[in-house]
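Just the one chain here, laid out as structure tokens, in the form predicted alone.
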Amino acid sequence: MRGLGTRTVLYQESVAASLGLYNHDFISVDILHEKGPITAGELSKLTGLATGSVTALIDRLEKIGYVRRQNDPKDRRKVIIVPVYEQKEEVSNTYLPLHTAMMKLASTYSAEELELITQFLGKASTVLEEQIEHLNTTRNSKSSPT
């Protein structure tokens, strides 16, 4: 799992570089892909970036057409960040070889095996999210004045 995680991070860094993005920017793009439209505050919490850094990040992503800002219909003080990068051809072209290779790999497994693999990966993602939260909580409690 650790090796897969490392290779995933390295792949994401390579994708970001090939698209001319900073890695943190691309991580945010992936978060938006997974979560859908969210507020800047939510993105700040999920990335661990300060709100000022998230504002600059959103400005950069909006400038290159990866996101757009939308007023929150429930709270006019909030802005929702809407991902729009999937319509960009360079993004889909970048991921196409990976998608093709993964589909080829998946075709070597039975439906039952794929179901088990999918369950495992879903549960592994939950464990990782829990561990991220634990590390962030531990880090925040160490840096808080006592």
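Note that residue numbering follows the sequence shown and begins at 1. The structure displayed is predicted, hence computed values, not measured ones.
A second form of this protein, the form predicted in complex with a further copy of the same chain, is not displayed here; the remarks below concern that form.
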Proximity to a further copy of the same chain in the predicted bound form (heavy atom, within 4.5 Å), stretch among 76 to 84, 50 to 58, 63 to 71, 91 to 99: 91 to 99
4.5 Å heavy atom contact, L105 to a further copy of the same chain in the predicted bound form: yes
In the predicted bound form, A40 touching a further copy of the same chain (heavy atom, 4.5 Å): no
Contact flag, A111 vs a further copy of the same chain in the predicted bound form, heavy atom cut 4.5 Å: no
In the predicted bound form, residues of 108 to 137 near a further copy of the same chain [heavy atom within 4.5 Å]: Y109, E113, L116, I117, Q119, F120, L121, K123, A124, S125, V127, L128, E129, Q131, I132, H134, L135, N136
